[in-house]
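Here's a solo chain for you in structure tokens, the form predicted on its own.
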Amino acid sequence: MSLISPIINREEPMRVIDLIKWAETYFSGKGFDHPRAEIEWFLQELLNCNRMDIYLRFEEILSLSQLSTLRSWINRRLEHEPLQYITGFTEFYGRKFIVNEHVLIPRPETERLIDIALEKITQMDSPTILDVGTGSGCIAITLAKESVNSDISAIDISKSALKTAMDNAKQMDVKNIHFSHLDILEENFLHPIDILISNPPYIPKNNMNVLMRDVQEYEPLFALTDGKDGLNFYRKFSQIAKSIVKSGGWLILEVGSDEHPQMAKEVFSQSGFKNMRLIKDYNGDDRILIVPTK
């Protein structure tokens, strides 16, 4: 049984503008914080256009087939399934990536990892990079596209995530990445690298219950939390960095919120690292920890 309003259940075509007006009111009534953004996301995928083009095409009539697809998507969204999983794609660093329930949805703040890595790469000839917990492959693939002379290894504990990453690499015709199934907490990565980059699971187990429903119920648990205090991966990185990251290299790591950035930094300080820096994201929050290996 359909959960949505009988207005869109009618077997009649609808104009884009009528659909936007209906959906804005409907999603608002269902408690969604950004109701217009909900329907804009679906229309961009349905019409294969960008957000601005939606409003240039506002008189366009959607076919019954398009409306049928949209009804299915809206019903799924009412259960708080993330928009990105429903349409199967999201954008990261200007590129379109396949996403599904096996991988974390890339966030805009993670793009800062790319910016910082590219700054470091310009100082290196043919840099070797390890992406830990590659997920959709968004970090590794973006670096491979932006720095074609890089040699990149991308690892993940999930074979399903690796398949998604490899699908993304294939569709973007990326050749300079080696994907491997490896649990960095239990297994050793033996090749020397210039940069270790990661957006690891850093949400403390005790904080999982405060996440929004979209995240708690749909995104993979192993990509969100280490099941402990959110510092397990940073401890491991601090233990292996001196043996695999070359002198003059870097660890570039995303960190969490509140006290987590300072706690992650302290992990490296206790392991003898110096000159670590916390870099703010575009919202002014500490989100990237940079650790030099000198």
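Being a predicted model, the structure only gives us computed values, none of them experimental. Numbering starts at 1 and follows the sequence shown.
Although it is not shown, the form predicted together with a small molecule is what the next lines describe.
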**Study point:** Interface segment, criterion being heavy atoms within 4.5 Å of the small molecule in the predicted bound form, picked from 208-216, 106-114, 168-176, 67-75
**Key:** 106-114
Review point. Do heavy atoms from each of Cys138, Pro201 and Ala223 fall within 4.5 Å of the small molecule in the predicted bound form?
Key: yes
Check your understanding: Taking the shortest heavy atom distance, is Gly133 within 4.5 Å of the small molecule in the predicted bound form?
Key -> yes
